[in-house]
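We begin with a single chain expressed as structure tokens, specifically the form predicted on its own.
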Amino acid sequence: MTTVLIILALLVGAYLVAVLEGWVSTGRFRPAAPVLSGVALLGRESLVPRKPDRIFFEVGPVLLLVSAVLAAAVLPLSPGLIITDLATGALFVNAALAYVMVALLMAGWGPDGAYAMVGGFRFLGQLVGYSMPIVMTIVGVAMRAESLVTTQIVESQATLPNAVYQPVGFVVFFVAAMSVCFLPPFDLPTAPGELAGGVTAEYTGWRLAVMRLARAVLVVTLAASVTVFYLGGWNGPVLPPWAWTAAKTLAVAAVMLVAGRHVPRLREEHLLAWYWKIAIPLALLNILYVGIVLIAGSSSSMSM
């Protein structure tokens, strides 16, 4: 029952993300647009390129969806409402998201098309940039909670969310999360103005529908990760716990969709330079800061 509820929550969240993304990109609020677009895609012929690597071509969109759902499996919606409460849940999120790169590389290589291949390898370079900062910021979160269990991470923020406790880590993780979702200005794998869709360029019909659904679910999963790791998860007054998690996740997703559209797309080398020269040092500084605060807090409690 819990699994069904979480999957339904992901589907509802994906629908809301699609509505928000359409609103942001076109300026028109059309609640029925994602459903109509999905039905239209399902009704169209799904074309196959002339010389594809058929396994990669077919598996890419599905693997992208599976990786997003797997990462969401260890993120709690409320106390007790989680698919599996792993002892290493925080690291499992990162491990599951590693397959996003595999999926996009498959989607880029499989069709045997130039634009798709360039898009796939662009995301491989993007992974080299964001992978270390996202792990290092999770370390800072786990240090405060003294656990990798996601429910305990939420409970450790009962008095003060991590976004306030470690704001540098929050900013770095948020930007890295946008890179995982390849949202603007980190949309190098799709780059509509350059690659005509990139990794999605050769997909049509139901395959394109699966790819778009997977992308929306991925945005929901990363927004939920920000909520669990930095915004206190279900903690909040008056409303039931699941409502707080849902509201925070939707708010984070909206910010992710809006913020990047006001920033020019970064070149590949500039993106890598930003991560390795700025984001990684900031993540290290965040770990050092959290360690000092924890040591100072334990020393003061012992002296008392």
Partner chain sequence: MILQTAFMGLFGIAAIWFAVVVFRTHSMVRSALALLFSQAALGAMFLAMQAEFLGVLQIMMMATEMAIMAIFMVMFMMDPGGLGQMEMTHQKRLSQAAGVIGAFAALGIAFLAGWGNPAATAPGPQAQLRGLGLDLMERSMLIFETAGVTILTAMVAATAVAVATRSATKRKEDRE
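Positions refer to the first chain, counted from 1. All values reported here derive from a predicted model rather than from experimental measurement.
Omitted here: the form predicted in complex with its partner chain. The next part is about that form.
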State yes or no: in the model of the complex, is some non-hydrogen atom of residue 239 no more than 4.5 angstroms from a non-hydrogen atom of its partner chain? no
At the 4.5 Å heavy atom threshold, is residue 56 in contact with its partner chain in the model of the complex? yes
With heavy atoms only and a cut-off of 4.5 Å, decide whether residue 98 touches its partner chain in the model of the complex. yes
When the contact criterion is heavy atoms within 4.5 Å, does residue 152 count as touching its partner chain in the model of the complex? yes
Stretch from 155-163, 225-233, 81-89, 173-181 whose residues place a heavy atom within 4.5 Å of its partner chain in the model of the complex: 81-89
Note: exactly one of 213, 106, 136, 72 sits with a heavy atom within 4.5 Å of its partner chain in the model of the complex, namely 106
Pick from 217, 77, 117, 142: which residue has any heavy atom within 4.5 angstroms of its partner chain in the model of the complex? 117
Do all of 3, 16 and 29 end up near its partner chain in the model of the complex, with near meaning a heavy atom within 4.5 Å? no
